[in-house]
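As structure tokens, one chain now follows by itself in the form predicted alone.
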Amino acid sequence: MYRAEYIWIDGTEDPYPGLRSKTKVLEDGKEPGIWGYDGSSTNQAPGENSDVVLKPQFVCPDPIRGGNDILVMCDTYVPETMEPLPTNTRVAAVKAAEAYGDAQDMWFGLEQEYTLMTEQGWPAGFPDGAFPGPQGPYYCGVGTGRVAFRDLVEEHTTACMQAGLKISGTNAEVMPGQWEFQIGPAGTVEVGDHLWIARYLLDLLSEKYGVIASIAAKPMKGDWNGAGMHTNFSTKAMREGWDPMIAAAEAMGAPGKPEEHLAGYGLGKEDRLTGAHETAHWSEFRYGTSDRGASIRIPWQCAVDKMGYLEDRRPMANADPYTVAALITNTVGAALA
């Protein structure tokens, strides 16, 4: 026998969508098939017609349980029609990949920032009920008083590696108690599958340490950085030449596109994208080389090499990676097709 942990995105709106999971015990040799759950308890169906279908889409080893146990990332459907739920954002990523992502050979690298919080709602890197010194020594910091819960971060990294996820790095972030891990390079759909499983593993391990891994866009008001999911992206043509790089940046700022993208970039833009704390204001769009105050940053080395990738700095930490990757794939793919 082995265990399959079915994982899916719920319909929570406040403070942001989250994950749910439940376990099915299966006989060896039997594949995990479709399953279901009570959508009325996850804000995804009415009580009088509450069944929702879970369809397995991505499977990887379960690094926490070990053995033959697996994690199963699912998407969600209405049982009568098998139409995807409105919260089934993976479907849009699949369509974008089929339309442009595969042909353009889209790559994504997502920088997932998160803030470890106590159950009382205070950042775990802050003194109890008080404030630490101002920002400065914490980014990529080392040592007591500069970082908190490194053991959790290391355990999470190891778990992601053992699950076969495309985790590519970690670092302490600008605010105490704030960390980041990176997923990629990966394709339009793949990057979402891997990031959601990485979020699941982080939430699961946080239980052990008695903290909450918040992906709120502005976990602490005041003169503290918010939390984002900076999105690095490229096509094959961008990785080989400068003109496609500029064409992609221009496409992201074409009329109506900034508004369309921000609508799908997560909750909390007014709090995080203020024009301060290494952000562009949410109402503006611009791109620039080595400019962390721009909407789209051209990395310095890419400007020197005249090829490479772009970084969209606008997505919030709570953004849905399927939605972000779909939006960028459609916008850039159409412009470079």
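On a predicted model such as this, the values are computed, not experimentally measured, just so you know. Note that residue numbering follows the sequence shown and begins at 1.
Form predicted in complex with a small molecule: not shown, discussed below.
Looking at the small molecule in the predicted bound form, residues I183, R292 and R297 each place a heavy atom within 4.5 Å of it. Of the candidate stretches 204 to 212, 91 to 99, 107 to 115, 69 to 77, only 107 to 115 contains residues with a heavy atom within 4.5 Å of the small molecule in the predicted bound form. At the 4.5 Å threshold, heavy atoms of S234 reach the small molecule in the predicted bound form.
None of the heavy atoms of Y37 is located within 4.5 Å of the small molecule in the predicted bound form.
In the predicted bound form, Y309 approaches the small molecule with a heavy atom inside 4.5 Å. Although the partner is absent here, Q162 is not a contact residue: none of its heavy atoms lies within 4.5 angstroms of the small molecule in the predicted bound form.
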